[in-house]
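Quick setup: one chain, the form predicted on its own, written in C-alpha cells, and binding and motion questions come after.
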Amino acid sequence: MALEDAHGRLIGDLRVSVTDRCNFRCRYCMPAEGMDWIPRDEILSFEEIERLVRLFSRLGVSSVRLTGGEPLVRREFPALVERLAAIEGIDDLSLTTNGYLLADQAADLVAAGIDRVNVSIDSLARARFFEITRRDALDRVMAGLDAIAAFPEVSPVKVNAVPMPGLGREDVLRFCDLARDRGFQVRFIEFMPLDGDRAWQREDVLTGAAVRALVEEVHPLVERPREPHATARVYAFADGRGEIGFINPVSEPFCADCDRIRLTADGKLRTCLFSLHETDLREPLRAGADDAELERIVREAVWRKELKHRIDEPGFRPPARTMSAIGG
C-alpha cells in the first residue's frame, strides 16, 4: 500500500542526507565557525541507508536525491550511488552538490548510476561568490560543472542559486547567459529561514517575482506547465534558447501537493523541511527492528506530515537544525 499522509498526499520523493559536513560555509546555510558536527558513529552507514531506501522503495518512493552537507566529502560516495541505483523501483537517482569535488568524481558517479545532478552556484562573479560561500572556489566549481556536463546521460544538469541581498541585474544576466549558452536550467531558490547565523529576516528575501522581473527586462519568458509535485516554476526564454526556474517557498508556497520527505545523516525522518519534530529510524534499525516494524514507524510519521510550512504566518518557528544538518 502506498505511503500516504492525512491530507491525501502520496509520498514519492525521498531526500537523503549522507553527511552534515561541508567544505563551504554558505551564509544561507552555515555559520562561518563553530559548527557542532554529528559524531561519526551516529551517521548512517551505507548499508543502513541502502536498507532504508529499499524499504521506502517498496512503499512507493521512486525518486531519491542525495544531499548533505556536501555529499561528495563522504568517503567512497560513488559506492553508495551504485548500491542505490541497483534498487528496484528507484527510477530517478539524483545529487545536489556544491561542485567543488565534482571534477574528480564525475566519471565515477556516472558509472555508478547517477541520473541527474544539481550544482549550487550562488554567483558567477568571483568576489561575490567568495562573499556568499566564504570560499574562493568559483573556478573549481565551474570545472566541476563542465565535467558533469560532458556526460550526456546525466540530464538535465541544473544550477541552483540562492538570491542573497545585494543581487543585481548584472548577476542575474550572467546566470541567464549560462542557461542560454550552455543549456543548463538555472533555478533561483528563495532565501529560507534555515541559515546557521539565524539572521534571516523576511525583508531579506529577494522573491522569485523580483528576480524574474530583472530577467524580463532583457529576456522575455514563457512559462512552462507545472508538473505535479514540482518545486520550481520553469520558464523558457521566448526565443527558445534555454530555461530558467524559480523556487519560491517563501512567497509562493507549493505545500499543497508536496510529496517529499527527508532522511537526515543521523537517521531521523523529517516530513517537512521545516518540521519541528523528527522520527528516529536509526535506533530501531540498530536495535534489530524488522522491516514490518520500520514500516509501521514510517507510516505513522508520514501520516502526521505537516499541511504546510507556515513561514509567513504568525508564530512561525524555524527548526532547531540548520539546512546543512537537515539536508537540502
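All residue numbers refer to positions in the sequence shown, first residue = 1. Every value quoted in this text rests on a predicted model; they were computed, and no experiment measured them.
The same protein also has a form predicted in complex with S-adenosylmethionine (SAM), omitted here; what follows describes it.
The listed set M192, V186, L138, L167 contains one residue whose heavy atoms approach S-adenosylmethionine (SAM) in the predicted complex to within 4.5 Å, identified as M192.
Remark: T67 counts among the residues lining S-adenosylmethionine (SAM) in the predicted complex, judged by a heavy atom distance of 4.5 Å or less.
In the predicted complex, no heavy atom of Q105 sits within 4.5 Å of S-adenosylmethionine (SAM). Contact annotation: T96 falls within 4.5 Å of S-adenosylmethionine (SAM) in the predicted complex, judged by heavy atom distances. Residue contact check for V162: one or more of its heavy atoms lie within 4.5 Å of S-adenosylmethionine (SAM) in the predicted complex.
Residues placing heavy atoms within 4.5 Å of S-adenosylmethionine (SAM) in the predicted complex fall in a single listed stretch, namely 22-30, out of 293-301, 51-59, 22-30, 277-285. Along 301-328, residues M323, G328 each place a heavy atom within 4.5 Å of S-adenosylmethionine (SAM) in the predicted complex.
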